[in-house]
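Next comes just one chain, in structure tokens: the form predicted on its own.
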Amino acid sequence: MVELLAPEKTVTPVSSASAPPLKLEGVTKRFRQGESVIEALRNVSLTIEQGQFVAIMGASGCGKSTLLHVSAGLTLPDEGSVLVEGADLTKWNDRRLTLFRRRRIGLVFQSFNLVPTLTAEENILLPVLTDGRKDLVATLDPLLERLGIAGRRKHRPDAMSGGEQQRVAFARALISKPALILADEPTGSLDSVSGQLICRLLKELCEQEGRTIIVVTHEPSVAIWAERVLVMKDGQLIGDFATGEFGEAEALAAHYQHLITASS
């Protein structure tokens, strides 16, 4: 979703480039359902290093999307700290969070969230132009070429395939050169071929450009592309392993199921 907030003269505090792109310390998030209180996240701590491609797996309702939203500052935790490049998002007001998120965090969702009346090019540039960062317009052409959508730049979303729309959404997330790219089920609305193309693209972005990417998924066929997999259940991290231990998605799926069963 593009956040239309005019830039301000004051600069968002500079974060530390030497700090990891993401660090969570003792994060707990509660939601109220009627008279009950649900702990969506329970004392979660983790560190994502520069250039890592990380997949977060778990069943529906395990807290993985809440973890992503907390990491982006879209939802603030009830307890704990959320640090992006050393900047603690829990200490800021909504305006400062929005400005920081626009500049340092790229967000991609299953539903694409493209503006239907704008072309691909206009959708991609909207966040940086709204932010007054015209210098980044020059990076559009190589980015379109990199994502294989240069020929679709003047097309509106309804004239593009699902895979093309998702690549436009990724281009919009990448144009501001963010410290962190967060994607929530980015292949969920795509056919298997388009989904695997997106996974290959994400892996290449990490390996060739040093991008730091976190993808929420419940599909082993998506997680196998990542370098590292975090497994969640009932709001807690119950597993953290490298995909290099597994040659194919079926072996990863078996290990994932073992972790889920062993935690019961």
Ligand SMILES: Nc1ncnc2c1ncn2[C@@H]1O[C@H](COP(=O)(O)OP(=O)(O)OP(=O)(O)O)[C@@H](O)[C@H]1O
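From a predicted model like this one, the values you see are computed outputs, not experimental measurements. All residue numbers refer to positions in the sequence shown, first residue = 1.
The following text describes the form predicted in complex with the named molecule, which does not appear among the structures shown.
Asker: For the chain shown here without its partner, which stretch in 45 to 53, 195 to 203, 220 to 228, 64 to 72 has non-hydrogen atoms within 4.5 angstroms of the named molecule in the predicted bound form?
Answerer: So the stretch in question is 64 to 72.
Asker: Test of understanding: in the predicted bound form, would E185 fall inside 4.5 Å of the named molecule by heavy atoms?
Answerer: E185: yes, in contact with the named molecule in the predicted bound form.
Asker: Is there any non-hydrogen atom of T139 lying within 4.5 Å of the named molecule in the predicted bound form?
Answerer: Answer no; every heavy atom of T139 is more than 4.5 Å from the named molecule in the predicted bound form.
Asker: Contact with the named molecule in the predicted bound form for A40, defined as at least one heavy atom pair within 4.5 Å: yes or no?
Answerer: Contact check for A40: yes, within 4.5 Å of the named molecule in the predicted bound form.
Asker: Is the gap between Q208 and the named molecule in the predicted bound form 4.5 Å or less for some heavy atom pair?
Answerer: Result no; Q208 lies far from the named molecule in the predicted bound form.
Asker: Just give me the single entry in T130, S81, Q110, T98 that has a non-hydrogen atom within 4.5 angstroms of the named molecule in the predicted bound form.
Answerer: Contact residue from the list: Q110.
Asker: Counting only non-hydrogen atoms and a 4.5 Å cut-off, give the residues of 23 to 39 close to the named molecule in the predicted bound form.
Answerer: Those in contact are F31, Q33, I38.
Asker: Q110 to S65, Cα distance in the predicted bound form relative to here: closer or farther, by 3 Å or more?
Answerer: Relative to the shown form, the pair is closer.
Asker: Closer or farther: how do the Cα atoms of T66 and Q110 compare in the predicted bound form relative to this form, given a change of at least 3 Å?
Answerer: Compared with the shown chain, T66-Q110 is closer in the predicted bound form.
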